[in-house]
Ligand SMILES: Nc1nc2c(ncn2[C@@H]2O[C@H](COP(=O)(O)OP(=O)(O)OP(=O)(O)O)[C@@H](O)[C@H]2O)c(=O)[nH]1
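Let's start with one chain on its own, the form predicted on its own, as structure tokens.
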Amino acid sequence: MLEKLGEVLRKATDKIANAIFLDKNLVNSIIKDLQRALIEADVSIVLVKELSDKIKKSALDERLKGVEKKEHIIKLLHDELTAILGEHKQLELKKGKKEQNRIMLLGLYGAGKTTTTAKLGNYFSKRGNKVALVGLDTHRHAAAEQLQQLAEKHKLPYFIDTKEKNPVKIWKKYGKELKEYNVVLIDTAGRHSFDKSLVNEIKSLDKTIKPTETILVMPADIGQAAKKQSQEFKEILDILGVIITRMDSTAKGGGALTACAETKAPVYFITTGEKINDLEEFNPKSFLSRLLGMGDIETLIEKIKSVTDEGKQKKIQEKIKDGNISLEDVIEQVKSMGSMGGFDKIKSMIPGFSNVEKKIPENLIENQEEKIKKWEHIMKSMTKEERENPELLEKQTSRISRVAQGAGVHNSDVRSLLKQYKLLNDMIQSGSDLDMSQGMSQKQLQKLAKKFGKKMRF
């Protein structure tokens, strides 16, 4: 996600901090690198020029000397970049017992509304809300089927009528049943272009549903065109926020983010992949902090909360305290870490991790579903005693052979599972815990990364 921009920003701040003298040539060199990186990230040329002029003016200000000047320029760079990314505004739910949050998602065809509806459903469900998904996209036949599959896969209640072609009638049909839910997420139809029929349908749905939040969903690859699109939608309805999808696959994300900021349409969330948990709250300061290699612990903890079952984690924590970790418990932790998208997805969130990440193998913790399925199959061939005390298998080769034969795998596959069990069990004990509901401290994360980085293979 905008990796090249992040690399240039880090180098720029290092050059400024380490320079003995901030002469005109050095300042011009830094500004040129910044300009090139920002333009490649599709940030508006007008904004790039404004930022360049402010940095140049401060660097040549004779009233500032030495360290004071360096600190001033670095702070200015940070503040100005944060400003062009827009304000931080959270999507806050109404919490009253009788309050219902009706969140309607709008956007053109192909923006990712249906997938985002499911991701939001998972996000709010993991935070203790009673969530329902409603499919009102009657134009794209596959939309209802897609929403249904996602809802069933992630155990989210849904309301869909594939036969009815009038979205208003579908909403009215499920009115009474939807009253049971405090968060109702509504997927609407899009079009290839902004036309009269889309406008009429949006207005009709808005009048009937009376949404508490209306969110515009836009893909990052439209870049600066996000400005025009957000303005068009805001002219019809009161768009309260934006979700930018596909931030993992394009360098134009900078254009989409800054374009939204220009229209005063705050970005609530960004999506960073296709998996259900690849959704994160957008906070300009935290986002910039990651680009600068300074980490983002808050987002990491929120991501951890989104992928774990709080009840299961509490039980595992009790077992950790008693020193009684089973094979199932350790594999549950592997699933949780894998659900976050692998180590590559979270390493930028760990402060100071750029200093040690080069020593760690790529794809450190991947969600390799086939391997996890094989592990679970192997466990089914074990006795209850063996699952709870895997050390028994290590002591008797005959047990390993029996389990391998029962699972239809090689002895080496069983030994591989035992090796990962031992490694992760040691890792859990070394870190005191892997409390996925609270998140590990920065020191724990760095300590564990250094200790186990070279050993871990999944």
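Remember, predicted model here, so these are calculated numbers, not experimental data. Just count from 1 along the sequence shown to find any residue number.
A second form of this protein, the form predicted together with the ligand, is not displayed here; the remarks below concern that form.
Given that the ligand is not shown alongside this chain, does S289 nevertheless sit within 4.5 Å of it in the predicted bound form, heavy atom to heavy atom? No, S289 stays farther than 4.5 Å from the ligand in the predicted bound form.
Any chance L108 has a heavy atom within 4.5 Å of the ligand in the predicted bound form? Judged by the heavy-atom cut-off of 4.5 Å, L108 is in contact with the ligand in the predicted bound form.
Partner proximity in the predicted bound form: E152 to the ligand, non-hydrogen atom cutoff 4.5 Å: Looking in the predicted bound form, residue contacts with the ligand do not include E152, since no heavy atom lies within 4.5 Å.
Proximity of P157 to the ligand in the predicted bound form, heavy atoms at 4.5 Å: Looking in the predicted bound form, residue contacts with the ligand do not include P157, since no heavy atom lies within 4.5 Å.
Which single stretch, out of 380-388, 225-233, 138-146, 281-289, brings residue heavy atoms within 4.5 Å of the ligand in the predicted bound form? Residues of 138-146 come within 4.5 Å of the partner.
Only one of T258, T214, N277, T115 comes within 4.5 Å of the ligand in the predicted bound form by heavy atoms, so just point that one out. Of the listed residues, the single hit is T115.
Contacting member of E201, E262, E376, D248, with respect to the ligand in the predicted bound form [4.5 Å, heavy atom]: In short, D248.
Relative to the ligand in the predicted bound form, which residues of 159-192 have a heavy atom no more than 4.5 Å away? If the 4.5 Å heavy-atom criterion is applied to the ligand in the predicted bound form, 159-192 yields only G190.
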